[in-house]
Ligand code: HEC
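Before any questions on how it binds or moves, here is one chain, the form predicted alone, in structure tokens.
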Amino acid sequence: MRRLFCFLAMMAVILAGCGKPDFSDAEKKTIASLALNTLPSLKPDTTNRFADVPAAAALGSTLFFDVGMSREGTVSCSTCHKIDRQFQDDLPQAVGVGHTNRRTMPLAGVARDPWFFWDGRRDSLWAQALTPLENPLEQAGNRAAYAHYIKARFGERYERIFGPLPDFSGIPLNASPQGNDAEKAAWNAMSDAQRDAINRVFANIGKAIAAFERSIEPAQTRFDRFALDLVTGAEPKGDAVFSREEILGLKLFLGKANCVTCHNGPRFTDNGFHNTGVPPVPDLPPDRGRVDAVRQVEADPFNCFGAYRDGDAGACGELRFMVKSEPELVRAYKTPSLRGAAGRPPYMHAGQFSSLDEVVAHYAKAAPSVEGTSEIHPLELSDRERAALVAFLKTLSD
């Protein structure tokens, strides 16, 4: 009888532990900081005075899905940012007019980023939106052609939002400083006033697309429901109940595996750039990450210091104090948000890993970087612990 009593008492403790996970106060505080309900309201984009104008967002949505916004009329923003796939494409590297060398990033919460693309080569959401339009491997168009297209197809909508379009007489149908030789020559033959007029239309295209992309926010997940119950002391119900494996994975994420150092805050990203020893992909062009992007963002005429920014230069703190030449920028890439990550393999900036298991194995092994110095160190994780980390990461999907 005494043995039976002890057995029942032990089972009661185990069952109680399953219903009420045992976290320290420090762990609870960190878990609370990761929950989506702590995500602050989206700040105004003072570099884009149309960022929260509904008509601009509506036009931006139209342009986002319009294949006419490409050289051959076959590619749109949504070709790579698929609305039913977290606004990404499931490919190791994006494919537009040609094959690129980077993975398409999802867009949920993108308006909260201080830098854009895997290497941060643009400093605003609207400047980012312009880049694929002229990239020969993505939409492959040119800014004069886009301006003519806007006037012909969306002229009235554009003018209701942004004001009168410029006089297009004498402006070539195809011209851009980023285009082929003929387009560059046509651009150089234009007057300063003509180039400025086209640049303003082009900038407004980016501002409209950015206004639409600001509406794309992350969705609540199992983790968020679990976190809310944990912090408030509510009895977890339904999918808010975590398994022992998921709880172990969360504890590892916060502690031994140290994932939370970079994947922190309600979007599970520090918005920084890190060399984590991710190997290059054979046959792709050399890619040195953030260290090369610094020069690109400085040279961009649409950056925060440029003539096409709305508001004053007070909004340009990120660009003004940008780290430019430190060795840790070599092969450093942006920390991606982990929200929804389980549903969008492959992983890393060029799709190097096909599964979350491979990602965790990479961080556990911590192989040295082919260039620069990796920030990660080997982890002594058992097979059970690796599986638990993956189980926890899956709770970040809706």
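Note that the structure is a prediction, hence the values are computed from the model and not measured. One-based numbering along the sequence shown.
Absent from the display: the form predicted in complex with this ligand. The rest refers to it.
Asks: Using a 4.5 Å heavy atom cut-off, indicate which stretch of 304-312, 148-156, 218-226, 130-138 touches this ligand in the predicted bound form.
Replies: Heavy atoms within 4.5 Å of this ligand in the predicted bound form occur in 130-138.
Asks: When this ligand is placed as it is in the predicted bound form, are Val110, His274 and Leu356 each within 4.5 Å of it, taking any non-hydrogen atom of the residue?
Replies: Every residue of the spot touches this ligand in the predicted bound form.
Asks: Considering Arg195, His263, Arg214, Arg71, which brings a non-hydrogen atom within 4.5 Å of this ligand in the predicted bound form?
Replies: By the 4.5 Å criterion, the partner-contacting residue is His263.
Asks: Between the options Ala186, Ile161, Leu319, Ala94, which residue brings a heavy atom to within 4.5 Å of this ligand in the predicted bound form?
Replies: Checking each option against this ligand in the predicted bound form, the one that comes within 4.5 Å is Ala94.
Asks: Taking this ligand as it sits in the predicted bound form, is Asn258 near enough to touch it, meaning that at least one heavy atom pair lies within 4.5 angstroms?
Replies: Result yes; Asn258 sits at the interface with this ligand in the predicted bound form.
Asks: Report yes if any heavy atom of Leu250 sits within 4.5 Å of a heavy atom of this ligand in the predicted bound form; otherwise report no.
Replies: Although this ligand is absent here, Leu250 would stay clear of it in the predicted bound form, with no heavy atoms inside 4.5 Å.
Asks: Using the partner position in the predicted bound form, report whether Ser369 sits within 4.5 Å of this ligand, counting heavy atoms only.
Replies: Ser369: no contact with this ligand in the predicted bound form.
Asks: Do Phe64 and this ligand share at least one heavy atom pair within 4.5 Å in the predicted bound form?
Replies: Because a heavy atom of Phe64 falls inside 4.5 Å of this ligand in the predicted bound form, the answer is yes.
Asks: For 83-105: residues with a non-hydrogen atom within 4.5 angstroms of this ligand in the predicted bound form?
Replies: Residues within 4.5 Å: Ala94, Val95, Gly96, Thr100, Arg102, Arg103, Thr104, Met105.
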